[in-house]
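What follows is a single chain, given as structure tokens, in the form predicted on its own.
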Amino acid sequence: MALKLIIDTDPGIDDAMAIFYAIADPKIELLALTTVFGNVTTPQATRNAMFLLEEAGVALPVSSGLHQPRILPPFPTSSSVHGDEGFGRLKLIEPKGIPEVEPAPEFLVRMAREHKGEIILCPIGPLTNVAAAMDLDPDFCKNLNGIVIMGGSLGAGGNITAAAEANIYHDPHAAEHVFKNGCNITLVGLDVTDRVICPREFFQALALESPRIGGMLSEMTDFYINFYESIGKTNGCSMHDPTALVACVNMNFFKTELHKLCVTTSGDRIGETVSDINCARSDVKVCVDVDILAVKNKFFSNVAKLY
């Protein structure tokens, strides 16, 4: 039986990889996308999410989420990494569909209640919508099968500051709220995602197998890899979000440890994910090692099946 999944996303080039992977993997039943700010604004994220689904020929609900962090002022988008519209130089076509009327936090709460114990929620952007859903329903996390978060790191440092990974940094108060009050959480952070790296040739080969979707990813990742080269990383791009999606159904590819996680919410190290045995909260299953080749092969073999 396929795993019921909702992705909370800020598409984003690696978000596009993750969403196409979720569509392609027969072990996943993708139920919906919810959107949040981060790589782009929330309206852009909503448009981009609908665009990706329509390009893949899939009709699913898309619910638009919150527009700024819980406490901090809004951040600028990551245009240098993902392009002004989120997908590098790709020319976007305005999607035909319209998003759900119900806002993302309410949508998530309702879906968790209607599919009690069945849904994995995979946030691959800031955790603002997830924290808001927990505010709306204290049983939200208990109603889920689990939460698999792309974010943070324990030993790998940050990718937006020396201490902080971008998704946690863009709403540290939301992340702290989720780690403090949540349960059944798995963290797929930079300790593993920064090690799963794919060069241009990987995406060019994918485009040969899947001319439409693979070709689109190849065009997007050319911009993405240019950014990585601009900061001195010359062997390709990190597969952050798709690695988290692979983990949802292939945890055997990962070594994990249990940690009580706190998030620094002020000062020079704001957004840092810290393991603290003295935190009064549930353990988080943190991915600390990965079978790199297995993740890359799983991603390629599934997405290559898309047209």
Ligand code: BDR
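Here the structure is a predicted model, which is why all the values come from computation and not from measurement. Position 1 is the first residue in the sequence shown; the rest follow in order.
Form predicted together with beta-D-ribofuranose (BDR): not shown, discussed below.
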beta-D-ribofuranose (BDR) in the model of the complex: contacting segment from 278-286, 265-273, 237-245, 65-73, heavy atom within 4.5 Å:
237-245
In the model of the complex, does D191 come within 4.5 Å of beta-D-ribofuranose (BDR), counting heavy atoms only?
no
Is the gap between N167 and beta-D-ribofuranose (BDR) in the model of the complex 4.5 Å or less for some heavy atom pair?
yes
Interface membership of N145, beta-D-ribofuranose (BDR) in the model of the complex, 4.5 Å heavy atom rule
no
With the partner left out here, check for me: in the model of the complex, does some heavy atom of N39 sit within 4.5 Å of beta-D-ribofuranose (BDR)?
yes
Though beta-D-ribofuranose (BDR) is not shown, can you say which of S218, N159, T77, S153 has a heavy atom within 4.5 Å of it in the model of the complex?
N159
Of the residues spanning 252-274, the ones with some heavy atom within 4.5 Å of beta-D-ribofuranose (BDR) in the model of the complex are none
